[in-house]
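Here we start with a single chain on its own, the form predicted alone, put down as structure tokens.
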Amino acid sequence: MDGLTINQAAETTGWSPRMLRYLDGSGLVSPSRTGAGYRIYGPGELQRLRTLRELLDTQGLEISDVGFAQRMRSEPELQTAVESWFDAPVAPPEGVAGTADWLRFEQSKHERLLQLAGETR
């Protein structure tokens, strides 16, 4: 065997077996599998786990942040939607004049959406 089992990898890296399964399921770290389906962590996977921990620690990130960044790289539609949201101008809807009217419009809109969400539960 040219690698470590999930429990050995967990001991070596400080990640729990449950977290290693999560990282595998999310595609952040992809260990090879034995014929019976057991995960085997080789030196490349151990390096990825070490550098992932360093990335999280040095940049103040959560695993979900890295997972989202991965989705942005692999899903062009998601990347386009997020970039469009950042680039969208902030302006009152047509027919709404002034800050006070705009504020009332947005509050009313949110209240209606919350009410609809409560009705669908």
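The first residue of the sequence shown is number 1, and the count goes up from there. Rigid core: the largest C-alpha set superposing within 1.5 Å between the two forms. Predicted, not measured: the structure shown is a model, and the values here were computed from it.
Absent from the display: the form predicted in complex with the DNA. The rest refers to it.
In the predicted complex, at least one heavy atom of R33 sits within 4.5 Å of a heavy atom of the DNA. Of the heavy atoms in S64, some are within 4.5 Å of the DNA in the predicted complex.
In the predicted complex, the DNA sits within 4.5 Å of a heavy atom of G37. By the criterion of a heavy atom within 4.5 Å, T12 is excluded from the residues contacting the DNA in the predicted complex. Residues of 10-36 placing a heavy atom within 4.5 Å of the DNA in the predicted complex, in sequence order: W15, S16, R18, M19, R21, Y22, R33, A36. After superposition on the rigid core, displacement of the C-alpha of R71 between the shown form and the other one amounts to 2 Å or more.
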